[in-house]
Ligand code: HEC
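So this first bit is one chain, no partners, the form predicted alone, shown in structure tokens.
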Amino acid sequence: MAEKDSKKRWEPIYRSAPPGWATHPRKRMLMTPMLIFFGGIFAFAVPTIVAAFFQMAFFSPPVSDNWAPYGEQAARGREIYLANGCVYCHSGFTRPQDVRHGLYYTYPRISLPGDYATSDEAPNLWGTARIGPDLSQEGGFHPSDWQRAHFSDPRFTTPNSIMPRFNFLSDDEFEALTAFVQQRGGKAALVRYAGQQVAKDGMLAAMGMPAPPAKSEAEAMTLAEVARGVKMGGFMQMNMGMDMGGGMEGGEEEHQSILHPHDEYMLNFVDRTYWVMSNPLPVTDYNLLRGRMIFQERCIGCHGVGGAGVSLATRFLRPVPFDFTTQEAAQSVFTSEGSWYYKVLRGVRGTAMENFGSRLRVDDIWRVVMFLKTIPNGGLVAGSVPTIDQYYQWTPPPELLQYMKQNPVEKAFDFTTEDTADEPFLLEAHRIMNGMAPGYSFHIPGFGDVSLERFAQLIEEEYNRLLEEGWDAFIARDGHPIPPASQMEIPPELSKELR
């Protein structure tokens, strides 16, 4: 105990300073609130000035080769698009890291600074999210009547869409907004847009149908009127009174087709290697039920809950959606399993039938096709499920086999090996009429000859008209900077990748 007490007596006592020394000055924090405030502003200001204001002041990229000005109507549509907040769900640029960039149906072209270098793109519409699909290259991937139906109510064309309706827009606003989305994507979009127009004109002439109605006219139609219109435009009656002669002109040799012009037109939308292809999947209850489920999720918006092509979307669409309920739909020269597979995969230009190859698996597309062959026998009747005995086995009609013998597969146009592979208008014509070969043509009353060469000519004429109208409107609204005249002469470049 004494030892412990002695140690305590010698323990040092803490003092702020030794006896007689002056105390240390009071310590102060160097990071004062004022320094933090101004230092923070400086830390954020320097990167902002370097990354934003310097770029705005000194970075002036030349207008890209693909840039095309908006027409007067499309420029008004851009204002409507911006005013209604579409930019909050739809981005307006394609990044190099985007999945499957460079493909035809998803992100066909990577965005460049020169795409946004003019006053037509101010303020920019890059967007903040991709709740909906990117629309920077939307032009020409759907016909205009599909766009009108989609704007009226997105569920008309995409049953599970969460996009709000825009049916409060007037007819003029509808047309302006449609013109804007159809011209997004520069020169490449104008080629696709022109292709849609040409394909639709040919299809309507082949079917003897009128042009799509205006928004107000379409909305005034009842479903009963739609059903009557579908029946009158159905594929047993739509060509009544048309010349059945198949005189062919414009090719290296004259062709006398054994098919009706409408049937031949519908057939040649499909790559001819698919014309008599059978479904590779076995007909099973699971495959039929899976196909029906996908049909009801994806297709009833246009084709209707009963598959007869009677729907609210049909009010807007010309030609009307296909009627799957008839026996003729199950057995025709252009309704093989392979033909239907190709149309679901790639879509049909000029119609509201869009491609699903970027959204559905290959086996699921075949299941949908399999299910479609049960609809004439009641496979879509409410409260029931499709059965194997309802499946209609398609067999090639004799006239189709004879037509294929007259026009063998070897004559099919392979745009990847032809000398004209870099010709954008011929390439687009081939994408419309996938089954046609160069030099072959057939005649449609009220439209004229159908051939790759004539389609390419019509697409180029419509493309030039749209481009010239855009330039005139751009100059009239004091657009700046005005690109050199040589930019207008640069041909459009289209992606050749179709996978």
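Just count from 1 along the sequence shown to find any residue number. This structure is a prediction, so every number in the text was calculated from the model and none was measured.
Below, we refer to the form predicted together with this ligand, which is not included among the displayed structures.
Peer 1: Can you work out whether residue 147 and this ligand are in contact in the predicted complex, taking contact to mean some heavy atom pair no more than 4.5 Å apart?
Peer 2: Judged by the heavy-atom cut-off of 4.5 Å, residue 147 is in contact with this ligand in the predicted complex.
Peer 1: Tell me, yes or no, whether residue 351 is in contact with this ligand in the predicted complex, where a contact means a heavy atom of each within 4.5 Å.
Peer 2: Within the cut-off, so yes.
Peer 1: Taking the shortest heavy atom distance, is residue 163 within 4.5 Å of this ligand in the predicted complex?
Peer 2: Residue 163 belongs to the contact set for this ligand.
Peer 1: Taking heavy atoms only, is residue 123 within 4.5 angstroms of this ligand in the predicted complex?
Peer 2: Heavy-atom contact with this ligand at 4.5 Å: absent for residue 123.
Peer 1: Report the residue, out of 272, 290, 78, 298, that has at least one non-hydrogen atom within 4.5 angstroms of this ligand in the predicted complex.
Peer 2: Checked against the cut-off, the match is 298.
Peer 1: Heavy atom within 4.5 Å of this ligand in the predicted complex: which of 312, 426, 368, 188 fits that? Just give me the one.
Peer 2: By the 4.5 Å heavy-atom cutoff, the listed residue in contact is 368.
Peer 1: Given the stretches 189 to 197, 354 to 362, 400 to 408, 382 to 390, which is the single one in contact with this ligand in the predicted complex, using a heavy atom cutoff of 4.5 Å?
Peer 2: Single hit among the candidates: 354 to 362.
Peer 1: Report whether all of 264, 440 and 452 sit within 4.5 Å of this ligand in the predicted complex, measuring from non-hydrogen atoms.
Peer 2: Heavy-atom distance to this ligand in the predicted complex: none of the three under 4.5 Å.
Peer 1: Could you list the residues in 312 to 340 that come within 4.5 Å of this ligand in the predicted complex, counting only heavy atoms and keeping sequence order?
Peer 2: Stretch hits, in order: 317, 319, 320, 321, 322, 324, 334, 335, 340.
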